[in-house]
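In the form predicted on its own, a lone chain appears below as structure tokens.
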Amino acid sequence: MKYSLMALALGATLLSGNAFAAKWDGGDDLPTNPLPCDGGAGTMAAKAYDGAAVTGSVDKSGKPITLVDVPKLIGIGYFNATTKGMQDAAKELGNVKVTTDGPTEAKIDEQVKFIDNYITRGVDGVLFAANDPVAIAPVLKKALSKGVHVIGYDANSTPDAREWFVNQAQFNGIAKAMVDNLAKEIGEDKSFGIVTSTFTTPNQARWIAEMSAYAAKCHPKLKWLETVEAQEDNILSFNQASTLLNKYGDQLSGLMGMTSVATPASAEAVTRSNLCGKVAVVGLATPNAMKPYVASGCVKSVVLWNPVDLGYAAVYVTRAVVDGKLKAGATSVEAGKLGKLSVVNGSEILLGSPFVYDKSNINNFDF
């Protein structure tokens, strides 16, 4: 794998004994905003709309519209779930048609090609989950310049390349849930590693930045050993998790998975290594992928939101934008069965708080 300046920074910090002292800002210039340690909600300053504006769009208020959804990749459970939510919303609305299409690997160059092709073919809107926030920006700006509405979900672009972003949960909320659960399971002074997609994948990089800030504030004795990239690939995720287990041995007490692929693969690596009960796995994943590991007791907690609701919200937000019901300065938007969703951080629509799945509730969900 390629090593970045972040890897060098982590190595230097490890020498000082606390890897969480290292700062990772996820490759952007956003400040971190760790939540209170006692479970409070914290505060967020009001921010002006910072999204983009579409130019030359045709007025289709109340009229049928055609959307294309281009996620990071197709063919995995997580994005199958967001697609289901989009289709549910389109059926409810009755005047929206959504097609999901995209690469079979999480490669930004391929994702850009898919979006560009649909701009040429002609659509009213593009929904996307970015593999890279900067590299995807030019093609999204091209769409905006041609009158195509652009709405992000799951993984953001730079704000000036889309109108709105549907955020599954606040980055600092996810960070708090992940770190609190890890510390609860392994203890306050133990070590762990992270399996992520890439260092530049926007949502994962931002979660880790917020995790670093929150842990430094609330769990300062936790030791972050290493972060490895696994490209949203099941086999590579398993191999990377296994490498961490072998490399650090008894020093490693926990693995954190930052993707719906990395977390079950990490759990499988721990299971095959006969380390259940010795190495905790905490991560983001869909319930169905984690049920076997939760049932066996190898995994105690899984952090997520409902990706079906995320896709559903993205379509309702797009419809509201087209209809002129969601404009710069709005503080909320109606989203069908989800009710009123809040606008935060300038141009983000917040789905809600992260949810923790465990043995007591995971069988109540099917996605």
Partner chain sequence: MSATEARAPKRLPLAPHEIVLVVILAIALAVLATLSDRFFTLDNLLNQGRLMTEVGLIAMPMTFVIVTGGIDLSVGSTMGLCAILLGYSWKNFGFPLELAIVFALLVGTVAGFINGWFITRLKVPPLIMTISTLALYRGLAEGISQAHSVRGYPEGFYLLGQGEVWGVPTQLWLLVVAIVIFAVILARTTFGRSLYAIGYNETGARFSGLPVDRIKLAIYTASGLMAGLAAWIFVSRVSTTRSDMGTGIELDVIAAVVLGGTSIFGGVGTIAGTVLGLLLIQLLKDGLALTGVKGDATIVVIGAVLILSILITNFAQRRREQGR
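Numbering follows the first chain given and starts at 1. Because the structure is a prediction, the values reported are computed rather than measured. Throughout, rigid core stands for the largest set of C-alpha atoms superposing within 1.5 Å between the two forms.
The protein also exists as the form predicted together with the partner chain; that form is not presented, and the subsequent description refers to it.
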So the partner chain isn't shown here. In the predicted bound form, which residue out of Gly297, Gly187, Gly147, Gly122 has a non-hydrogen atom within 4.5 Å of it?
Gly122
Just to confirm, with a 4.5 Å cut-off on non-hydrogen atoms, which of Asn181, Thr99, Ser253, Asn172 contacts the partner chain in the predicted bound form?
Thr99
Please check if Asn131 has a heavy atom lying within 4.5 Å of any heavy atom of the partner chain in the predicted bound form.
yes
is_contact(Ala90, the partner chain) in the predicted bound form, heavy atom dist at most 4.5 Å:
no
In the predicted bound form, Lys107 touching the partner chain (heavy atom, 4.5 Å):
yes
In the predicted bound form, is there a heavy atom of the partner chain that lies within 4.5 Å of any heavy atom of Asn117, even though the partner is absent here?
yes
Counting only non-hydrogen atoms, the one stretch of 187-195, 172-180, 131-139, 207-215 within 4.5 angstroms of the partner chain in the predicted bound form is 131-139
Thinking of Ala53, Asn167 and Lys325 as one candidate spot, does the partner chain come within 4.5 Å of a heavy atom in every one of them in the predicted bound form?
no
Listed by sequence position, which residues of 190-211 have a non-hydrogen atom within 4.5 angstroms of the partner chain in the predicted bound form?
Thr200
Is Thr99 displaced by at least 2 Å at its C-alpha between the shown form and the other one when the rigid core is overlaid?
no
Is the shift of Phe199 between the shown form and the other one large enough to count as movement, that is, does its C-alpha move by 2 Å or more after the core is superposed?
yes
